[in-house]
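First comes one chain, alone, set out as structure tokens in the form predicted alone.
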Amino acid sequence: MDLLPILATLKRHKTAAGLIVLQVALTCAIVCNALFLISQRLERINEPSGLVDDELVVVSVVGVGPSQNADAQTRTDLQALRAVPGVQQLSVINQLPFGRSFSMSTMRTQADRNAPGVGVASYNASEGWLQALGLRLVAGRDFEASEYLDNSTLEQSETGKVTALVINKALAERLFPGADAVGQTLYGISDEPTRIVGVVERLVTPHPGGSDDMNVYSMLLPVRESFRGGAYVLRTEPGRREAVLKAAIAALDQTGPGRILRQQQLFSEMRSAYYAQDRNMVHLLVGVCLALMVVTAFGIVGLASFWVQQRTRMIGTRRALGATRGQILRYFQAENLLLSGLGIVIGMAAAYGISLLLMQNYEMPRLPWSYLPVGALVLCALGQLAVLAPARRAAALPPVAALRG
């Protein structure tokens, strides 16, 4: 197709053509960055925790007044909870992923306190934690019975020594790249070294999703928390979470009257609540993208319809000289392709500029190049679809009627 007549026509309508180009460029720039932000949020929302999310329930209570023996009360609670129908395994954990608390330690491979360390989320877990949480060991072993100690005993100890710990794979690769982490020692819990006895495939931190080290690395210590410092985590049979949760609350009420229920929740609900803001952001960005694309599409339709009306006589002349309907249709599509293409080129440059601004002001990663052709294809397809109806209407004009018009 000869593009010179199209360029000549566009030259006579610079303002209208320029507005469409700017509209396409703005939409392209925003859509490219929005698609990237949406993909990041979705990746964060769907990040696996390493736990069996859909089989866990969490219950915690808080005592009213001082407790004579919180450890003994906790053992009584655990015994009662094990008897609840549908409970497969349970443990007491000081904190959980997607929870409100966040306990961490700075771990080092050297005894020197001034040596560089890594911020690591610290989970205290009682017996049964591995099966209760559904974590998968990829190296080493579970804690032995002799390695567990009560947190109350640990706090009264002069050394505060913990003999064993299990770390997640991310921390093992960070501290011991290319080497076996099992058997290595770390410093940071106390002045004494702590030996790594196992590595789990995956265990997210209480607040996963951030870019800081402390949001990536985690470890488990064989420390029994009492009901005052931890929460009961119960792994249930499939489909019995709600019934188990209700029965567990009743069981705790029987074993320790006078306590207040602090938390009763499905673990999946904790996860859902943690990512509520991310889901809202995804919905907002999708809405913005759709709104921009609809406005752009209507702009193209309106301009194309106006030009068809303005060029009725030209269309009739071309048809009278032998132009087919297909040629008329392709004329308007090519015209739109030129405008959209120019807008997309400007829009991709603007998208990259917006990405740089977001990097500088909000510490966001750079927009990957792969999103630019995706945005270009979306806008190009949108332009062709939007111009299709006016172009078909122009192609359907009878030559005589068009000449009279």
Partner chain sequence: MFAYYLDLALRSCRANPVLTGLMVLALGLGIGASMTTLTVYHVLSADPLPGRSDRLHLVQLDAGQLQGWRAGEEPDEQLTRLDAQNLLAEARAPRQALMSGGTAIVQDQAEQAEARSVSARYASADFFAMMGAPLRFGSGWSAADDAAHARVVVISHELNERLFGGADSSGRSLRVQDTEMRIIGVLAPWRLTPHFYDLNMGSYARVEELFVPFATAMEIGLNRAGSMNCWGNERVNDPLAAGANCAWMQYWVELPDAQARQDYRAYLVAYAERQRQAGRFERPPNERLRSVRAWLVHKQVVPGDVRLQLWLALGFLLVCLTNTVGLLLAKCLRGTPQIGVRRALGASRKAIFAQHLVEALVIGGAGGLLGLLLAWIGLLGVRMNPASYAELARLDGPMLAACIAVSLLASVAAGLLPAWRAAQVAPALQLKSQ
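It should be emphasised that the depicted structure is a prediction, and the values quoted were computed from it without experimental measurement. Residue numbers count along the first chain shown, from 1.
This next part talks about the form predicted together with its partner chain, which is not shown.
- Here the chain stands alone, but in the predicted bound form its contact with its partner chain, taken as any heavy atom within 4.5 Å, falls in 26-34 among 373-381, 342-350, 26-34, 47-55.
- Contact check for L19, R113 and Q309: all three have a heavy atom within 4.5 Å of its partner chain in the predicted bound form.
- Taking a 4.5 Å heavy atom cutoff to its partner chain in the predicted bound form, the contact residue among A145, A83, A179, I260 is I260.
- For the residues Q277, T324, Q79, Q254, the 4.5 Å heavy atom test against its partner chain in the predicted bound form is passed only by Q277.
- Proximity of L356 to its partner chain in the predicted bound form falls outside the 4.5 Å heavy atom cutoff.
- Using a 4.5 Å cutoff between non-hydrogen atoms, G302 counts as a contact of its partner chain in the predicted bound form.
- Looking at L245, you'd find every heavy atom of it more than 4.5 angstroms from its partner chain in the predicted bound form.
- Not displayed here, its partner chain is approached by A291 to within 4.5 Å at the level of heavy atoms in the predicted bound form.
- Along 178-202, a non-hydrogen atom within 4.5 Å of its partner chain in the predicted bound form is carried by I189, D191, in order along the sequence.
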